[in-house]
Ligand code: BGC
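One chain comes next, on its own, written as structure tokens: the form predicted on its own.
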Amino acid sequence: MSLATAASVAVGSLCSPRSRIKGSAFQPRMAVRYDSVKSTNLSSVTQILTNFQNQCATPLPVLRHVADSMSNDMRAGLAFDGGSDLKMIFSYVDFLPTGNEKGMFYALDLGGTNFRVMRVQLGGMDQRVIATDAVQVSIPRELMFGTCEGLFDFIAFGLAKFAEKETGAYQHPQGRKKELGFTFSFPVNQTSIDSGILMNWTKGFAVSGTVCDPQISVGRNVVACLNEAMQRQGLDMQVSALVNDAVGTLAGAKYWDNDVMVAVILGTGTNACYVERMDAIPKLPIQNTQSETTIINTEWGAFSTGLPLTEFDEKMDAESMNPGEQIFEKTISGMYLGEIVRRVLLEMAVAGSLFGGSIPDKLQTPFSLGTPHICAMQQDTSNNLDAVGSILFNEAGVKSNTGARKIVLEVCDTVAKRGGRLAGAGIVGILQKMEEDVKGLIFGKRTVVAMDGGLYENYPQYRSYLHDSVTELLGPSLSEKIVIEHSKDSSGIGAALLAAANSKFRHDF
């Protein structure tokens, strides 16, 4: 594969193309022109880079503080609602799939600017997953800011079209309503396995109420919204399980590997969940269940304790639609890494004339440089960094020489390194909490952390920094048995499996 092709693949497949983010998470601002800038002031550029690298640094004491704070915030969030930044949401997943599940089930994954629908045929313990089929649909940007009714009608329409195309590989009993696992990757206060109240929109979404009911969509049962939309489409299907992408990933990965205890999503947004003991959840109301464990959805994107932040992070946060919220997500997830780089480069261009000449409007436009672009630039190993130059020109509108491109790569690497290492510290914080509660539960035996999301999958430098962070914190002996494993698309199959495990017909399996 040529470098140009590799860059194109990375840009197209990572997590957040520019067109879907620009202006979505940030208030529109007038572009400011900077004219008559002088030739590059290397000392100013170097000073900005050095300060930025120092502020982003994640030495072992910083990582340890982040991991310890994550563990402490988890306990506080489990004690009572509002006990910490972490919501620690009870998933109502009391029983994970066993392998005995049979039949055809659907999964719908809504967690970014695309939604994905999947069909799965399960064959029980002997055959497991017989067949799968899936399609991904882009959500028009106007629906991200439109009505709840408009968004869910669009999704139900796509689901209905997909359901029309069942082939002979899929078998469903005549007269039985089809069942769906709904992966909804926004903060939800779950009230049962098949209902949940939307707490707030994230990832640039700001959906209002319905046309008939102008009240805001926050506070509504998202399962009811989807079920009603499916009814309007004449689709004979109902939601049997509501999960988020992390919970779906854990269920899908654990179906194949019983050592999976944690799942982490690193894509446009980020989240993590883990298997928790029922008796370790003080805020949990008395449940009529025989299960001793459940899955807790941490909503760790809201974590904020001890993070090494810079002036660029603070300004980006202040100008966002949710200032003061989702700080961990804004530091480690795919939606924001490219924007942080853009802001640093803009400062270098203004204060140090990094690119010479006037400052293009593109470089001044929020999210003109996306995380896929900084990932693609970091894959350039040519002498003159030609791919870096092309991406800077095409996406930020700047002409650059080799020296400027090397500085750009330093900025990209600084942002990716901080993000990956902090994500690793977060993972260790979760494992640490589980081990402290039950000695020997995690450390000293094989434990799997299932990973999914375009950022983790497609950004090798970020992924390497994450792994290094975990090893550094745990040491070579303990980290040797912690398996951090990519579980591609587990959330889709996991949602279908949870629909099967919670089917009203499960006793027929």
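The structure presented is a predicted model; accordingly, all values stated were derived computationally and were not measured. Numbers for residues come from their place in the sequence shown, where the first is 1.
Keep in mind the form predicted in complex with the named molecule is missing from the figure; the text below concerns it.
- Query: Only one of 77 to 85, 186 to 194, 277 to 285, 408 to 416 gets a heavy atom within 4.5 Å of the named molecule in the predicted bound form; which is it?
  - Reply: This holds for exactly one stretch, 186 to 194.
K330, R342, K203, R421 - the one with a heavy atom within 4.5 Å of the named molecule in the predicted bound form = In short, K203.
Within 4.5 Å, heavy atoms only, which of M230, L180, I265, V428 is in contact with the named molecule in the predicted bound form? Of the candidates M230, L180, I265, V428, I265 is the one lying within 4.5 Å of the named molecule in the predicted bound form.
Mark G252 yes when one of its heavy atoms lies within 4.5 Å of a heavy atom of the named molecule in the predicted bound form, and no otherwise. No, G252 stays farther than 4.5 Å from the named molecule in the predicted bound form.
Do S240 and the named molecule share at least one heavy atom pair within 4.5 Å in the predicted bound form? Judged by the heavy-atom cut-off of 4.5 Å, S240 is well away from the named molecule in the predicted bound form.
Any residue of 266 to 283 with a heavy atom within 4.5 Å of the named molecule in the predicted bound form counts; write them all down in order. Going through 266 to 283 in order - heavy atoms within 4.5 Å of the named molecule in the predicted bound form - the hits are G269, T270, N271.
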